[in-house]
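Let's start with one chain on its own, the form predicted alone, as structure tokens.
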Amino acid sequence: MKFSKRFKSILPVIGLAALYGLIMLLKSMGIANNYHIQILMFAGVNIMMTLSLNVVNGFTGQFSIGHAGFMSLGAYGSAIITTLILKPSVIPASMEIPVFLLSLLVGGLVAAMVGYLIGLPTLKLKGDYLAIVTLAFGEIVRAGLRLIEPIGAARGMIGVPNYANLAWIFLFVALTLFFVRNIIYSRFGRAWIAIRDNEIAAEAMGIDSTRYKIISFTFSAFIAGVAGGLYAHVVSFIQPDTFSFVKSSDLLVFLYAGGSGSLTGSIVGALLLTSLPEALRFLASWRLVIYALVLVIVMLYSPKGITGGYELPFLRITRKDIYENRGKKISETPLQETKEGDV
């Protein structure tokens, strides 16, 4: 079945809306409970984080391993707005949603600003050097937050309003998927993919690789900051050690197990690997052994991830989609799979 270009762009949003309706139906029938809903909310936040990391690692070809630092900046930036500045006791109930959305925007902008400042000097580095710098950045943020007393220092912040629910999580996952999908297939995304495939050749064609890598890093940080804000308003408590290197490692596992450079892989990896430990909880401590064994099997038999680099049809844009309005006949080859010599 062929979809129009416009309909394909909003199909992920329609699909998530239908899924949300199904979950609410299952909850009303008693099949799903609050525990299942909470797991789905955590999975939604992890999908956003994995998509944001995919922008840098999967599509731009860099290697960031301190992404939890941006998540923590977004979480604290958002929580400060709703807990210390515009807390529920000083605003009318009708203003809670606008304040919540404002806090998410602030959290995203704080993370994006720091991402830009970090990216300026560091994105000239490559490979292991960039990985070390981003790792150090994540640990600096975590250690710094432990020293700031007004936001709880090492104790963390308590009493964060529980504004986020499954509907908000689904909405922001849909928006993230929509914007990431469209920017990946824009001129920015094509520049990122060119840099990933061959940075020297990209620069020879006039692409300013440092500029585009900074844009990628800043965009990714903004999404991570918004995801952090949602996380803070789901759990109602944040603590610096929650955003340690372990969290960054989890995000890398979600990305590479699902499939780097694939939006579908980010969704599948984050959803499956967030849910799997909970599904195996009946095995007590053995669940961690099974979880690790599953990862080993995936990497041995599917090095490109669970999805194997496959992209769902409505998540990819073909060259035909771009030129269809020009009256040209052109193949439906996805942009990421065009071969050398293709127009």
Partner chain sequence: MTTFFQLLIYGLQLGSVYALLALGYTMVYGIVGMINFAHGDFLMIGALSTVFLAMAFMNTSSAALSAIQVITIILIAMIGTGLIGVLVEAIAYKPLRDRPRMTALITAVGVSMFLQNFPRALPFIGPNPRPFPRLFPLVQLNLGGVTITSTQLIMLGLSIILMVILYFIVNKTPLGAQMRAVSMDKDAALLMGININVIISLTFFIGAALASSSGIFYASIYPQVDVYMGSWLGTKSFIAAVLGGIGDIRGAMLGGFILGISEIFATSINSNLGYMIGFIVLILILLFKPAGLLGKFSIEKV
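Since the model is a prediction, treat every value here as computed from it, not as a measurement. Positions refer to the first chain, counted from 1.
Beyond the structure shown, there is the form predicted in complex with the partner chain, which is absent from this document and is the topic of what follows.
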query	finding
Among the candidates 171, 235, 81, 252, the residue which, in the predicted complex, approaches the partner chain to within 4.5 Å (heavy atoms)	252
Residue (of 314, 42, 310, 63) lying close to the partner chain in the predicted complex, criterion heavy atoms within 4.5 Å	63
Non-hydrogen atom within 4.5 Å of the partner chain in the predicted complex for each of 285, 292 and 303	yes
Non-hydrogen atom contact residue 299 with the partner chain in the predicted complex at 4.5 angstroms	yes
Non-hydrogen atom contact residue 150 with the partner chain in the predicted complex at 4.5 angstroms	no
Partner proximity in the predicted complex: residue 57 to the partner chain, non-hydrogen atom cutoff 4.5 Å	yes
Contact label in the predicted complex: residue 256 to the partner chain, heavy atom within 4.5 Å	yes
Heavy atom contact within 4.5 Å of the partner chain in the predicted complex, the stretch among 96 to 104, 262 to 270, 118 to 126, 225 to 233	118 to 126
Residues of 138 to 154 having any heavy atom within 4.5 Å of the partner chain in the predicted complex, listed in sequence order	139, 140, 142, 143, 144, 146, 147
